[in-house]
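Form predicted on its own, single chain, as structure tokens, below.
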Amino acid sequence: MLDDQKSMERVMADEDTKITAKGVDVFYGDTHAIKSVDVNIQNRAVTAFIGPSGCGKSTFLRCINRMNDTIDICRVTGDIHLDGQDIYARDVDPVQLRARVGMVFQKPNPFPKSIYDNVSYGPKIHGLAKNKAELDEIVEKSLRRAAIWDEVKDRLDAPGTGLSGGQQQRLCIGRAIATAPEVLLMDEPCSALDPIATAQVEELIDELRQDFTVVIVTHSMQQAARVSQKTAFFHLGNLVEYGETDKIFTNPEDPRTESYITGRIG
């Protein structure tokens, strides 16, 4: 077992890999939703998960921060390592893991609190600030990184729910990065947004990869092509093909990938 761990760590060091998944299966009761997925997710890059609705891409994304733990009938088997550490090991606290692996959901979901409290909530519960001045600094830095500071700096006490949809989603991104995560998961973060807000979030995703490993589920192939460096194509619970985004879209190896990209399936 120790040799396997060392081997996993060597692979990660060689390939600048942040997340390694091996033989991952997910079951919802008797339904086999994810089938033996193997993938290495690159550090400080954007990886897009694409595929038809119901193909398993969001299910697999939720394995990376153990969000599937909250579903009673869900069972996950196989190995997922973050920096060589087994995230499903018994001594791993899912709450602490989710501070390292932030998540942004499909529909903007700010807390029914002020803009300031939305962003300060995570750092407070994880003890990341010693005093109010440090908390203020974290809030400002997070909102700046989420490209929304200039729009909200004069109304931090206003409710987050009063912002526009695009602003709410950027606030949620600011909230997710306030705990200084290493990985940011995004589950169709633009599907509820208009084209202008979508463009703003896409631009932000490109900036965030300088500091974070970003994994995005998207139903838009154009979006995957615009924002990602690596793309994984899922179909019927299988990871069919994974590689450089340009190659996946211009010269896929698997005929199923080509059929999806050209619109014949999906």
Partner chain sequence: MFGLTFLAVFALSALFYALARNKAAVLGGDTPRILHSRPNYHGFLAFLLSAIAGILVLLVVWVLWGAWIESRFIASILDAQPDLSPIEVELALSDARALSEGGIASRTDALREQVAREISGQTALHHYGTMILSLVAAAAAGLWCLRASHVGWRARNRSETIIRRLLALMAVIAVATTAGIVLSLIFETLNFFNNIDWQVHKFLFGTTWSPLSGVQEGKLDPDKVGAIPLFAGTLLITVIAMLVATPIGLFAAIYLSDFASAGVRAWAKPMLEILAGIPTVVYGFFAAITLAPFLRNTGESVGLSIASESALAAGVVMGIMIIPFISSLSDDVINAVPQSLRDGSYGLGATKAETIRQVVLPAALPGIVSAVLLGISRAVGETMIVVMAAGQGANLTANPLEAVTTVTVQIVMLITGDTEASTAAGPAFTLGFTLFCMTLLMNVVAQRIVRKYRELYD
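Positions refer to the first chain, counted from 1. These figures come from a predicted structure and were not determined experimentally.
Just so you know, the form predicted together with its partner chain exists too; it's not on screen, but the next bit is about it.
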* Structure fact -> Checked 77, 191, 109, 85 for heavy atoms within 4.5 Å of its partner chain in the predicted complex; positive is 109
* Asked: Tell me, which of 67, 45, 240, 39 has a heavy atom within 4.5 angstroms of its partner chain in the predicted complex?
  -> 67
* Can any non-hydrogen atom of residue 144 be found within 4.5 angstroms of its partner chain in the predicted complex? -> no
* Can you check whether residue 175 is within 4.5 Å of its partner chain in the predicted complex, heavy atom basis? -> yes
* Asked: Wondering, does residue 62 line up within 4.5 Å of its partner chain in the predicted complex on heavy atoms?
  -> yes
* 4.5 angstroms heavy atom contact with its partner chain in the predicted complex for residue 160 -> no
* Structure fact -> With a 4.5 Å heavy atom cut-off to its partner chain in the predicted complex, the contacting stretch among 131-139, 145-153, 191-199, 96-104 is 96-104
* Structure fact -> Of the residues spanning 115-138, the ones with some heavy atom within 4.5 Å of its partner chain in the predicted complex are 121, 125, 126
